[in-house]
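Only one chain is included here, represented as structure tokens and corresponding to the form predicted alone.
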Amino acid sequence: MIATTNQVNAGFPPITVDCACCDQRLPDRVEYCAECSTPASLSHAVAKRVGTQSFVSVLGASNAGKTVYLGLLLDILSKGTDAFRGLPTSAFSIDLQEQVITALEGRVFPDKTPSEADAWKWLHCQISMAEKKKQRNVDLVSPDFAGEAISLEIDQTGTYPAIGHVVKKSSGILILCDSMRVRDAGSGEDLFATKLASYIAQAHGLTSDHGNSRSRKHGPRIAIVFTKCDGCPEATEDPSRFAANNTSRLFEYCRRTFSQHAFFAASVAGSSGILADETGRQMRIPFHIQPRGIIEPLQWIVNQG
């Protein structure tokens, strides 16, 4: 028996709920979905909500800055104004925010996200927006996927089922690209982002056939975000021109495939540098925190809906 929203709201313990990610029925007292490893606590939290629930996923290569971006995004949303505010719906959603903010306050970046699916942190928050005559609410559900897992899933679909299910459910997707690697490290970042965009298009049944406008119209909204722009100011000046000049494959693929897409630039640190220990191991550290462009891509995605 599936718990209804009324049962949950009436205070009765949920008997069974469906996985918020893959819609598989979850047996009682399981901690993770057996199909996609989504935490059962997330599915219970989603089942308690009413109204529109929108998956927004954040994807990108390893070291693109996904964990820092998501944690800081949640922190900024929680301190937002009535015009655009987001509050976590349960304690587990604060874990990622706590991890990121604690690390940044200690002048370090947080550890890399492990590849094991049961170690990924998920966030679920309700975004409220004050409009002319009413207030609109959207539930934001987003996992913090490991970059290595995303790469493996692109190369062999089904390796990490949660990624495929989330991408299919997502009405908005942020693709994060390290702006300094885009500028300095050849075509690797461009090629990976293009493969990722192709994976998204395939999941949504889209083609790059320019004449198939009906198909493109029903695709997800795609925000391409160039991260770490404190070290790449040219990306901040004009993100679209930076994309056209430095990620020409991705730029053209998005133009032909997604009817709603836009380019953004973001940074967390006002400035950063590289320290090396006695063994020669290098580590980038933030000198001070000065977020720029973190919330704008999400606002664009939500406002397109």
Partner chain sequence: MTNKDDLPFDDVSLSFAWQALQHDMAMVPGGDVQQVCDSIIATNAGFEIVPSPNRVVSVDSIYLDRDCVTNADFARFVESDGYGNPDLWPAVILPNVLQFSDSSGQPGPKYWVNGDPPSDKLDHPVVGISWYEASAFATWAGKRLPSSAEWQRAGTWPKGHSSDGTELHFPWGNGFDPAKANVWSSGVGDTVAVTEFERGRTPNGVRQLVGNVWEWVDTQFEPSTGDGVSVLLDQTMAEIRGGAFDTYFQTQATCQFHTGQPLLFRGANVGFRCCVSASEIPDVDRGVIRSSEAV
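Positions refer to the first chain, counted from 1. It should be emphasised that the depicted structure is a prediction, and the values quoted were computed from it without experimental measurement.
There is also a form predicted together with the partner chain; it is not shown, and the following applies to it.
Handout entry: Selected contact from Arg136, Arg107, Lys112, His218, since only one has a non-hydrogen atom within 4.5 angstroms of the partner chain in the predicted complex
Key = After the contact test, the surviving option is Arg107.
Exercise for the section: Indicate whether the partner chain has at least one heavy atom within 4.5 Å of a heavy atom of Leu275 in the predicted complex. Expected result: Yes, contact at 4.5 Å.
Exercise for the section: Decide whether Asp190 counts as a contact residue for the partner chain in the predicted complex under a heavy atom distance cut-off of 4.5 Å. Expected result: No.
Handout entry: Contact test in the predicted complex: Lys132 vs the partner chain, heavy atoms, 4.5 Å
Key = It does not: once the partner chain is placed as it appears in the predicted complex, Lys132 has no heavy atom within 4.5 Å of it.
Handout entry: Thr16 within 4.5 Å of the partner chain in the predicted complex, heavy atoms
Key = No, Thr16 stays farther than 4.5 Å from the partner chain in the predicted complex.
Exercise for the section: With the partner chain left out here, work out from 112-120, 165-173, 197-205, 97-105 which stretch has heavy atoms within 4.5 Å of it in the predicted complex. Expected result: This holds for exactly one stretch, 97-105.
Problem - Residues within stretch 57-78 having a non-hydrogen atom within 4.5 Å of the partner chain in the predicted complex - result: Going through 57-78 in order - heavy atoms within 4.5 Å of the partner chain in the predicted complex - the hits are Leu72, Asp75, Ile76.
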